[in-house]
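Single chain ahead, written as structure tokens, the form predicted alone.
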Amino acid sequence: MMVNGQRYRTVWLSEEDGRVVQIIDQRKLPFEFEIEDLPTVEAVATAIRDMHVRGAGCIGGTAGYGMYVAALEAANAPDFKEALETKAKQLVETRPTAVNLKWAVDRQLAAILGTDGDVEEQILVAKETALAIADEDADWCRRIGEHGLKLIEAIAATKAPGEPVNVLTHCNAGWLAFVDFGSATAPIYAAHDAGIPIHVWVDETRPRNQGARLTAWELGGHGVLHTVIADNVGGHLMQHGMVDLVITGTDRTTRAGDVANKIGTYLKALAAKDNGVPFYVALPSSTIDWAIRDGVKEIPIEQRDATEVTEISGLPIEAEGNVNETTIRLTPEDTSAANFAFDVTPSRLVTGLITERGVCEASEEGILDLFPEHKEVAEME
């Protein structure tokens, strides 16, 4: 994506020091664009855990680069394999829900430890694998855009000339949530670039407001017409025919088509079902957990710090160029709060999955038709 005329991914290796991972610190957006250096595994783990980076693909890409840093650090340990596996465990334990994290770490471990060469060769393999994970994520998201564009084109064909297709999305499943392009936003960007009038309803999305802070910033930067709404407005819009389709992302999808996404996605799916609005989920296949079927029972749901609910941060209205945010309390001081970060939308509420290989039914049969190489594993279980 372009930022101030320069093309960026969300995570990359420093041109000045190829041993240092660099990221866009998403905590600072939309008020400040800041690049952060991650020179150590500890720094990478902190960035993932404390949401300097967030989103399934971006977490996976960052973890992939983190394993390259892990290999560099492990080279100085008495036992390379033991040190590497310890650092891998440190990365995996940062966040429990997004499957891309463990997928990237496991892929790196298999590649690094499967190399017959010496430690230097293993470090080279770690770097090459990290770059491959990032490139793959970006390419898959680009393809998701191409496949999702066809859905938007079909709706646009039913509209009066100049009338926009109205898409509702939840949280941020955009460029910032992946290495590039995004999942839910990829079809939106593709439609906009193809000249199709499009308008996006952007859920704010509490408690961390990734919609208002990140999705709105992204769409505005790309020139896409959009409107930020409170999280509870979506059902009303659907009742009044103001939403043509819903596209969300997902942090983990079971092989039967259940999707775990930002808390509140399930409620949007229920409203869409009740009002006959198509509800699509966009995802690269790295987000599919092939080991589980029942998302409600088997997907671990992260619970984050209650202060994300009881407090909120933003830029003072009369900031006059000052980008320092202010945090304020929203609740009585002695009030407790629960902060479930994700919920699970059962496959029966999902119209279809938009993947890098095409659009499929949200079912085990539909998914395996697109990814037949996983049929053997499914049959064994």
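The numbering used is simple: start at 1 and walk along the sequence shown. No experiment lies behind these values; they were computed from the predicted model shown.
Keep in mind that the form predicted together with a further copy of the same chain is not shown, yet the notes after this line are about it.
The listed set Arg95, His226, Arg107, His147 contains one residue whose heavy atoms approach a further copy of the same chain in the model of the complex to within 4.5 Å, identified as His226. Checking Lys102, His192, Arg206, Arg143 against a further copy of the same chain in the model of the complex, a heavy atom within 4.5 Å turns up for just one residue: Arg206.
Each of His236, Ala271 and Ile328 places at least one heavy atom within 4.5 Å of a further copy of the same chain in the model of the complex. Contact annotation: a further copy of the same chain lies within 4.5 Å of heavy atoms from the stretch 338-346 in the model of the complex, the single such stretch among 65-73, 338-346, 46-54, 33-41. Heavy atoms of Ala256 never reach within 4.5 Å of a further copy of the same chain in the model of the complex, leaving it off the interface. a further copy of the same chain is not drawn, but in the model of the complex it has a heavy atom within 4.5 Å of Arg213.
Of the heavy atoms in Ala83, none are within 4.5 Å of a further copy of the same chain in the model of the complex. Looking at Asn232, you'd find a heavy atom of it within 4.5 angstroms of a further copy of the same chain in the model of the complex. Of the residues in 258-279, those that come within 4.5 Å of a further copy of the same chain in the model of the complex through at least one heavy atom are, in sequence order, Ile263, Gly264, Tyr266, Leu267, Lys268, Leu270, Ala271, Asp274, Asn275.
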